[in-house]
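Only one chain is given next, in structure tokens, and it is the form predicted alone.
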């Protein structure tokens, strides 16, 4: 981790709801200017952890400091200095883009002249200036997320907490949103986000995998991938189940991961394995769409970590 100033420091944070543990003794540090991604499936505890850091929820035990302030003793100081963008669009859909920004300026008691300046800046930054008089409810999903981000930026927060900001957004809008995040990082803003998309997490400085309320691994995307010593064979076919069954008959211990519309086969000697796979599928009259060797990505790393820690197979 960077040796620069630590702006988020959590120690053994714990939170449960009616006997269900949401965040289980989580400890982590985030440095100033990082993009830090918290990755995990639904129910992993990502949203709860962010709400603890934003002082929306109080922990049952453990401690944390955000920008040097204690989340238990100094919540108001933290709220003035951070921005929080929840998972679901929570702005006023019957107000215009400009009216939503004005509302946020009022919440944070920003003087009128400064608020007008900030409004122009965030509209230019988010490329929403041509839509300032359009009602929020008529915006596309991607534009709504840009508006939510713009509102969050009105008081110039030092840290942005984003809870799955691109869920349900089309790929082009997602790419545009990430470009805004990179621009903010370049200006020194620290970004802490939860995401279910591992391909997004690869753009971060560091990634923490969360599962059943715990952080099970934390590192840079590069170090995660270089720690994966084997290669991957990607197999695409309209008959994935039959292909998997045929391969497991020959190699019962073969590591095969079902991943969307493909199988990802983990192996050491991938060149020889690929040649034999092709022969096995041909022998069983199973048509192939693709069969190629590729480097592991964070999805492969995450699944391997889950299996190593006995969280079940995918």
Partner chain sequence: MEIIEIQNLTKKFADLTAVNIASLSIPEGVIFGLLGPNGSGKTTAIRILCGILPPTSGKALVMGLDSFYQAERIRGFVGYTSQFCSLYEDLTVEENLEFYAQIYGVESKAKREEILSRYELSRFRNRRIRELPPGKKQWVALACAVMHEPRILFLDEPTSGMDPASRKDFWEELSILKQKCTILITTHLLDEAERCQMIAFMHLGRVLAVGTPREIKAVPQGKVFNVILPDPVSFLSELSVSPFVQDAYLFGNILRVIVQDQEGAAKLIAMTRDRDARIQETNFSLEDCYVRLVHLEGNAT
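The term rigid core refers to the most C-alpha atoms you can superpose between the two forms while keeping them within 1.5 Å. Keep in mind that what you see is a predicted model, and the values were worked out from it rather than measured. Positions refer to the first chain, counted from 1.
The protein also exists as the form predicted together with the partner chain; that form is not presented, and the subsequent description refers to it.
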property	result
Candidate stretches 118 to 126, 90 to 98, 146 to 154, 230 to 238, one within 4.5 Å of the partner chain in the model of the complex by heavy atom	230 to 238
Contact flag, residue 188 vs the partner chain in the model of the complex, heavy atom cut 4.5 Å	no
Touches the partner chain in the model of the complex: residue 163 (any heavy atom, 4.5 Å)	no
The partner chain contact at residue 45 in the model of the complex, heavy atom, 4.5 Å	no
4.5 Å heavy atom contact, residue 106 to the partner chain in the model of the complex	no
77, 113 and 158 all contacting the partner chain in the model of the complex, non-hydrogen atom within 4.5 Å	no
Proximity to the partner chain in the model of the complex, single hit among 9, 16, 290, 25 (heavy atom within 4.5 Å)	290
Sole residue of 67, 57, 270, 257 within 4.5 Å of the partner chain in the model of the complex, by heavy atom	257
Heavy atom within 4.5 Å of the partner chain in the model of the complex - qualifying residues of 196 to 211	196, 197, 198, 199, 202, 203, 204, 205
Threshold 2 Å Cα movement between the shown form and the other one at residue 237, rigid core reference	yes
Core-aligned C-alpha movement of residue 287 between the shown form and the other one, 2 Å or more	yes
